[in-house]
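Quick heads-up: it's one chain on its own, the form predicted alone, in structure tokens.
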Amino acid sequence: MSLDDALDVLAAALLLSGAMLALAASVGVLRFVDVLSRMHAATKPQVLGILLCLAGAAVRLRDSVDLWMLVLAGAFQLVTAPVSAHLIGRVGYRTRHVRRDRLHVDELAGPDVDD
């Protein structure tokens, strides 16, 4: 087996594992019941799946222009996914679409009267 064949197998493994994580994220978004669970499913495995797909493409392409474009796409995902998840969580909380009985700590709730 040559080096190119080994790199092709690595690229295929990265692409398939990234696609499986993206599929798991989409199933989680459809199956979970509340906003916070869906937000978790939409960000964590989805971003890792995209990064694995980008890594597989980088291993396969191996050109400096393509690599920089893939690095920029990965950095954009790493920066924007937490911000969008935070905003979705805040909007869900403010519009009362969050099941408050499932929260362990509610840091956004006002102070208790008994304190």
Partner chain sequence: MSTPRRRLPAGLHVVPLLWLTTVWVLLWGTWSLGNVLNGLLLSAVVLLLLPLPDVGFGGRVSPRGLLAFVGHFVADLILSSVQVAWQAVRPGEQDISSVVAVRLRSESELLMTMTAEALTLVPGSIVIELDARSRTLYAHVLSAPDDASVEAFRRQVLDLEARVVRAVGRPEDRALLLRPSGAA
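Since this is a predicted model, take the numbers as computed values, not measurements. Numbering follows the first chain given and starts at 1.
As for the form predicted in complex with its partner chain, it is not shown, yet the points below apply to it.
Shown alone here, H86 lies within 4.5 Å of its partner chain in the model of the complex, counting heavy atoms only.
Although the partner is absent here, R60 lies well away from its partner chain in the model of the complex, with no heavy atom inside 4.5 Å.
Put simply, G56 is far from its partner chain in the model of the complex: not one heavy atom of it is within 4.5 Å. Although the partner is absent from this view, L108 contacts its partner chain in the model of the complex, with a non-hydrogen atom inside 4.5 angstroms. Of all the residues from 40-59, those having a non-hydrogen atom no more than 4.5 Å from its partner chain in the model of the complex are H40, A41, T43, K44, P45, V47, L48, L51.
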